[in-house]
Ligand SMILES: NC(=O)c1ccc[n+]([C@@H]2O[C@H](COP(=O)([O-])OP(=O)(O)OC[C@H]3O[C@@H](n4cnc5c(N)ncnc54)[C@H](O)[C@@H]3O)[C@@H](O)[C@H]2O)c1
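Shown here is one chain on its own, the form predicted on its own, set out as structure tokens.
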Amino acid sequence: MVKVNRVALIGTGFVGSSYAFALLNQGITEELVLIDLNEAKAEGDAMDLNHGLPFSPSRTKIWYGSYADCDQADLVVITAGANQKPGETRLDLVEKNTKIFKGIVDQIMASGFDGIFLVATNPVDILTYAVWKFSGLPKERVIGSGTILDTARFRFLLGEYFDVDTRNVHAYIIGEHGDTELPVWSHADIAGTRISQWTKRHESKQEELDKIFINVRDAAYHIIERKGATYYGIAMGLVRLTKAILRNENSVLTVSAYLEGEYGHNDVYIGVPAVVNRSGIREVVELDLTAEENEKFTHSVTVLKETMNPVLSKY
């Protein structure tokens, strides 16, 4: 048998089905298995996606299956879990989603799975830590979507503000994927020129840049208020991560990674730039933060640990 890439998707809700659709359109994997508690929904999605194969860039085998299909998977992507409701923070979801994840991960590992986990369910940093603990896999093979979407939102809004293609904007959001995240202004640039220089050139005010970050941080709340959930942006981010992993790209992406001394912190999964390849996280990229940025990052770590520890201590 010829070895092909297999992605197992756990959860075919808004995010999962959007991810599957984007994955098919980009032709990144040879096999995609859809797994959901609602088997009829997973089967319907598989049928619907298969009917689009004549228009896809490459052949993909798609079917609905069970946790047993994870045994040969190279990548398991988890989007299942309770959704964030209007008025809820991502951290409000800790208790219920940790319990759901324990059952999911136990069944995946029972299949003989020995690949890479990619977690997208919120609160993503805490649930990525939970998957690492529950699975027993090496830390580099358990990855959370982290602040990949926040970073994309940041790049988009900066590009829009300065009227520059967002793909030429290089800037990071790090920390918790949530209310304590922070922008790394000290390393933000457009075409190699610091944002501070662009600000002078355009006679911009710091208050305007601060407003951009607030819109990034609160984007999910605004989208949830209008349409009930966010799913297209994160689905595209997950596909970008899938591509970086399966194609061994060594791409730098802001993911939820385990810290062992990086940034002065230990035993926490949190959003930071990291080199991602076929082995998972090759290394965490340590940015030289300003004193203010470092203080905010430390606060983000503290909030995550204080929220996470009481819940995970039960398992």
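We number the residues from 1 along the sequence you see. This is a predicted model, so every value here is computed, not measured.
The same protein has a further form, the form predicted in complex with the named molecule, not shown here; the description that follows concerns it.
Does any heavy atom of residue 81 come within 4.5 Å of a heavy atom of the named molecule in the model of the complex?
So residue 81 counts as contacting the named molecule.
Hey, in the model of the complex, is residue 37 touching the named molecule, heavy atoms inside 4.5 Å?
Close contact exists here: in the model of the complex, residue 37 approaches the named molecule to within 4.5 Å, heavy atoms only.
Flag residue 108 as yes or no: does it have a non-hydrogen atom within 4.5 angstroms of any non-hydrogen atom of the named molecule in the model of the complex?
No, no contact at 4.5 Å.
I'd like to know whether residue 164 contacts the named molecule in the model of the complex, with contact meaning heavy atoms within 4.5 angstroms.
So residue 164 does not count as contacting the named molecule.
If the cut-off is 4.5 angstroms on heavy atoms, which of these, 234, 73, 245, 143, is the one near the named molecule in the model of the complex?
Among 234, 73, 245, 143, a heavy atom within 4.5 Å of the named molecule in the model of the complex occurs only for 234.
Can you work out which of 230, 180, 98, 135 has a heavy atom no more than 4.5 Å from the named molecule in the model of the complex?
Residue within 4.5 Å of the partner: 230.
For the chain shown here without its partner, which stretch in 164 to 172, 143 to 151, 205 to 213, 180 to 188 has non-hydrogen atoms within 4.5 angstroms of the named molecule in the model of the complex?
So the stretch in question is 143 to 151.
Could you list which residues of 99 to 127 come within 4.5 Å of the named molecule in the model of the complex, counting heavy atoms only?
The stretch touches the partner through 100, 104, 120, 121, 122, 124.
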